[in-house]
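Next comes just one chain, in structure tokens: the form predicted on its own.
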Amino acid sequence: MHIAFAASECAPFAKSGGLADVVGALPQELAKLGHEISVYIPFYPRVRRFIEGAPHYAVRSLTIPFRYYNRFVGVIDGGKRDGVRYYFIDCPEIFDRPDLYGPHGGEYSDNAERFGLFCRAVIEAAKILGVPQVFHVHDWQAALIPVYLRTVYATDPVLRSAATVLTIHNAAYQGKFPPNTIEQLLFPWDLFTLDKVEHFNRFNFLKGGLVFSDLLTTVSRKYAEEIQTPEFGEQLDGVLHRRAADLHGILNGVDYSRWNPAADTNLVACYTPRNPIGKRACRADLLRLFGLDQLPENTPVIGIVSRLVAQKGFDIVAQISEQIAERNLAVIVLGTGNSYFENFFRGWAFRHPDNVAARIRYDEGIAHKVEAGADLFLMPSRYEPCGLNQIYSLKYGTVPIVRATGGLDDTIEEWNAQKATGTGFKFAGCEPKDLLAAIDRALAAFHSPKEWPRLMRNGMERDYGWVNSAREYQAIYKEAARRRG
């Protein structure tokens, strides 16, 4: 099959989160299964460093109409990597900016135009470069592709049989814009109704994709259930519940070519489940890097690598931060996000310089060092569609402590000392005492010479690569194409 991916980011070209990792890894796994795969993303300035010499245009100029003007778009051929063909949608006046979506985590005021243009440009480019059997679109930034195909392009004979699959990576991000976005993007006004793209008197990109896509997926089985409820559905639970038969939870895989302690070039020493001795050197290296090199060997280190935002549950951590710091442990934090949480972690480290250290930035190489050097990894998320860091942690023998939600619940099994089964520690509620109890259970296991090596090995031997997930997507594509066939 020919499958075209459309997304706002893709590793290694442009990344702000887990979406980029999925769009970077899944196409390559599908190509190994024999499929023809194309990936379309915008041509941001940061993508330019992956282009050798002058850009080669697969399509020199496409005309994308708006209400009072046209924009002219080029399609750059990014070449073929690991069996996947990459195309970059080039429109400098709207994509040649320092940030993907807006400065300091905010939004550009013309994001509706930016990603409306992106969606329509992908369709127009595909008509020239090859119409796929399935468009696999990701999150709100690409969610108008199914809407355009079933409305503006509904009578185009070239596109009529192209199926669509929409993946929801995080239902909280929806692309909500004023009603007149309908006119700006040249949709008919009869789309602006409760059963189509209107949502609380806003034009909602994601809702449009949910309504018009042939099939829907999200990034874990548990999250597929959760987003059909008012608590997690972000006011789209009704739409998702109505489409429950078409909604499938497929767990994200991870790229073990990049995240594997046996061959990770970011580490001072590599190690495996059968020979884990190198993890000691990684721990010592991490403690030196964060200025905690005097920490005793029998003091467990809890690592955090995250966006520092309320979704990640750090308000729960803040409520018991002093109780955590009083225990015989250390905490190492790497990440950026909301200024409130950035300042909380700075203040926590200032008050407890001997056992709490924070770097308020993101660095991919240091993230690998935290995964390898920490003993435990904390993810107390209020919701987590899939999560990748807990899966990386398993591979690195770093035992996760997680809230039982979304992909965290799907991927982490509670440790059972009697049976020697399980891979980590979970807590169900949002009460600080629940998190503290999970931390205490983890500390007890850490100090057990019998339990800890087995617990580490259990996690390291789990396989969450892309092979099985890619086969599940393959079945989804075939079903979507059958329905259009």
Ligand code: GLC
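Worth saying up front: this structure is predicted, and the values here are computed from it rather than measured. Numbering starts at 1 and follows the sequence shown.
A second form of this protein, the form predicted in complex with this ligand, is not displayed here; the remarks below concern that form.
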With the partner left out here, check for me: in the predicted complex, does some heavy atom of residue 18 sit within 4.5 Å of this ligand? yes
Decide whether residue 267 counts as a contact residue for this ligand in the predicted complex under a heavy atom distance cut-off of 4.5 Å. no
Residue 169, heavy atom within 4.5 angstroms of this ligand in the predicted complex: yes
In the predicted complex, is there a heavy atom of this ligand that lies within 4.5 Å of any heavy atom of residue 252, even though the partner is absent here? yes
Assert contact_stretch over 179 to 187, 281 to 289, 117 to 125, 307 to 315 against this ligand in the predicted complex, heavy atom within 4.5 Å, equals 307 to 315
Residue (of 89, 412, 386, 227) lying close to this ligand in the predicted complex, criterion heavy atoms within 4.5 Å: 386
Going by this ligand in the predicted complex, which residues of 217 to 242 come within 4.5 Å of it through any heavy atom? 219
